[in-house]
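To begin, one chain is listed below as structure tokens, in the form predicted alone.
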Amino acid sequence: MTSRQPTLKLKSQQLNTLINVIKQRGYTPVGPVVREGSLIYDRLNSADELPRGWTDEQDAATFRLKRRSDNAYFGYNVGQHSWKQFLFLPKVKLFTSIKKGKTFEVIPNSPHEIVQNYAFIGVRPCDLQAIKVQDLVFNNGQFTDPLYKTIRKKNFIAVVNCTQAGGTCFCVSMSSGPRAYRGFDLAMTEVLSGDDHFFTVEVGSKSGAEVMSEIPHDIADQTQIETADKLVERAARQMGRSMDVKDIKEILYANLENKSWDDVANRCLTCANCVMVCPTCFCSTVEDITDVTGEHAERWRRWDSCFTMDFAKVFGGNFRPSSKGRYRQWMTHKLATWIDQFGTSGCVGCGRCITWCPVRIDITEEMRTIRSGAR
């Protein structure tokens, strides 16, 4: 938006209206839902499917859902899923090759055949920053992934600012939360005050303004705005982790042989859990498959990880054969070389890699150890 819009007030009962209006405008709403004891992102038919009254407890290698004492719709932090799965698809066919006589006809996969107009409901500020980071990777002008660009162009993003922090969150350290300031269509803050349950809403785009124009709402008064702001400020003070990012790139570059890498390598299983749950990691590989006749072949791209042995396997050998080398590559790329490549850190402080590491490796602790013994 070219000028600052007034903060709006949306009653919680109007969430269904919001979802219906979004669907009427041709979007497929996607948001948080509880499935089999876990928090995932899936299609939404109504606000009744949101995790109302649920929260999460997170720590290193620990995640569990439990009931809240209220009916907050967004009273959780994040689960193992991220919005990356809808933008950078886990598996996608790139082209088909069909034998035509003595040659093959190559049929590219059209992005428009598989793209849906997604509306992301309940995006956390750290995940919004992760989307911006992936924009730099896949949609930066010089090197553009046409599929990612097409999906991204058709997005509607409704952010929900955080009013509580999780046990592994450190978004404040990475300047990615708990409030979103730009890059959204709508940004909401959930407020439960006595019997009053509402959202303050900031409009961030023309599309956001058009959606809100079709939903009954009020202009938020100063007390309501201040109440929402205090909840977000409280979340900032509740961070379960922190990371000192001062000179972080230079420290990592100067400590590629720090003995702490050996210690973490002895614990790391190279299972790639941290990479799969990370909202910014973008490693991939391609595989070719053929039918038994050899007349039909397909090339597929799928997610991969720098933790897998085969990822660094080339003709002549493997240039990253040790778990030490693979963990160092991941962490140094995430916190240092990413800055050289894209002008920003690859970490947004969501804490997923800490929560979902089965051996409790904590990137904030590893960075603290390197910094304390830095050469």
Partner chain sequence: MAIKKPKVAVFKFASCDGCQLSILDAEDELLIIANAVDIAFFPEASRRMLKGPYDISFVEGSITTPHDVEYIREVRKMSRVLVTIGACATAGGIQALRNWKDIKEFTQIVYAKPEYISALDRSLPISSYVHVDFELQGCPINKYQFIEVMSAFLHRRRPNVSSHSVCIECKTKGNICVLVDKGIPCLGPVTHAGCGALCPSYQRGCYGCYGPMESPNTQSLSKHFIRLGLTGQDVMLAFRGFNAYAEAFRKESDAHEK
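Residue numbers count along the first chain shown, from 1. The model shown is predicted, which means the values in this text are computed figures rather than measured ones.
What follows is about the form predicted together with the partner chain, which we do not show.
Of the listed positions (N266, N140, S193, S110), a single one reaches within 4.5 angstroms of the partner chain by any non-hydrogen atom in the model of the complex, namely N266.
Taking G343, G317, G37, G26 one by one, only a single residue has any non-hydrogen atom within 4.5 Å of the partner chain in the model of the complex, and it is G37. The candidate spot formed by T7, V159 and G183 lies out of contact with the partner chain in the model of the complex, as no residue has a heavy atom within 4.5 Å of it. Figure note: of the listed segments 173-181, 202-210, 226-234, 88-96, the one touching the partner chain in the model of the complex, with heavy atoms no more than 4.5 Å away, is 88-96. Looking at V359, you'd find a heavy atom of it within 4.5 angstroms of the partner chain in the model of the complex. Within 4.5 Å of some heavy atom of the partner chain in the model of the complex lies at least one heavy atom of R326. For G294, a non-hydrogen atom is located within 4.5 Å of the partner chain in the model of the complex, even though that partner is not displayed. Contact annotation for D310: at least one heavy atom lies within 4.5 Å of the partner chain in the model of the complex. Applying a 4.5 Å heavy atom cutoff to the partner chain in the model of the complex picks out C271, A272, N273, M276, V277, E287, D288 from 271-288, in order along the sequence.
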